[in-house]
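Encoded as structure tokens, the following chain is the form predicted alone, with no partner shown.
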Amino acid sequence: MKRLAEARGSATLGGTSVTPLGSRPALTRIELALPRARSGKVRECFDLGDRLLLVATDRISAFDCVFARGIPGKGSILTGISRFWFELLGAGTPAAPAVPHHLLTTDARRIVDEAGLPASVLPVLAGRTMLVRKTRPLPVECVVRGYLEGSALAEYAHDGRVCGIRLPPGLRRGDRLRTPLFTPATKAETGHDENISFDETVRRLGPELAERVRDLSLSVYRRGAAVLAERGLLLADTKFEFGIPAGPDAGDAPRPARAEGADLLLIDEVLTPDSSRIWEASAWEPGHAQPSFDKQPLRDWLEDQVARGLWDKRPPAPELPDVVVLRTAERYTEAYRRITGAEPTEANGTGGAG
């Protein structure tokens, strides 16, 4: 791999907020002396030529609003969970082939060295950073649903279909589907993604690539659901992103699909609380909303603010109180513990794949 010795510089930490969790601040903004490829709701992406540096901040969003106050440790939690899944899926089993992915390493020391950054940025990057292969992301969110919830529930209530797929009548909120469904969606720059049919996916990707991402998405969902079931958890639904390996100057548009399996990589984050609905199996009770291992404490508080006429789900978002930050941080921490089987402090280490 090419070392970017010329890309030296420093990092600055901003937008922090101390919470009842202690003296550890929430990282809501990061600047590195590297070209910035893009900035998402949670992750900052820096361009290293044939690779990308993904730094997960502690920012949190809900109802399409990014809050000024972050959730301490959230970025490390998400990175640690993704690393767990990338390593597990990438290893494969006799019954399930390895899934090619973009992760090269989460070792902050290696990342700092290869990016030509000073050692002083190690505390900032450690635990929340992934060095990945650069890809052209496919312009489709690959969503798989095993239970009826979210936008699928709304579609089903309207005409008994989800992404054009007819479902049996009489299903309740939270019911398990007979078989997991591939329900793709567009990638919206702002606002909500929009569910699309598989025929529309074929139009956007071509028949070969559309079938490959559908089959791989369903396979990864089933493997993830099986692992979580061993931990007493249900994978209600999740979204995956895939990309095609790209050169140093590649844009975001996908090139035509090729036949080789190695040309399609699992990218971004995998089976985290931000990309998935994960439920407690012992508490599953169809017919109403299920407790989730995600930002549910934040959503519950926001819905209460709306019900009391204090917010209308439009920017600017209200300031988060200490108790909501604390409860949300605890929920993410418990998700890390339950999914990986390790203590969350391990998410802050500098080890990892590679």
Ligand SMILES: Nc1ncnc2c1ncn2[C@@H]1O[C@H](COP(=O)(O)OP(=O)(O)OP(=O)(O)O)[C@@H](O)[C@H]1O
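Numbering starts at 1 and follows the sequence shown. Everything numeric in this text was worked out from a predicted model, so none of it was measured.
Missing here is the form predicted in complex with this ligand; even so, the following discussion is about that form.
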- [ ] Taking 4.5 Å between heavy atoms as the contact cutoff, choose which of Thr135, Asn195, Ser76, Thr105 touches this ligand in the predicted bound form.
- [x] Thr135
- [ ] Note which of Glu155, Glu114, Glu149, Asp268 lies within 4.5 Å of this ligand in the predicted bound form, where distance is taken over heavy atoms; exactly one does.
- [x] Asp268
TODO: With this ligand left out here, work out from 317-325, 34-42, 299-307, 284-292 which stretch has heavy atoms within 4.5 Å of it in the predicted bound form.
DONE: 34-42
Open item on the list: Against this ligand in the predicted bound form, would Glu241 count as a contact residue? Criterion: heavy atoms within 4.5 Å.
Closed with: yes
- [ ] Using a 4.5 Å heavy atom cut-off, state whether Arg161 contacts this ligand in the predicted bound form.
- [x] no
- [ ] Look up in the predicted bound form whether Ile30 has a non-hydrogen atom within 4.5 angstroms of this ligand, and give yes or no.
- [x] no
- [ ] Verify the contact flag for Arg109: yes if a non-hydrogen atom of it lies within 4.5 Å of a non-hydrogen atom of this ligand in the predicted bound form, no if not.
- [x] no
- [ ] Within 4.5 Å of this ligand in the predicted bound form, which residues of 46-83 have a heavy atom? Give them in sequence order, or say none.
- [x] Leu52, Leu54
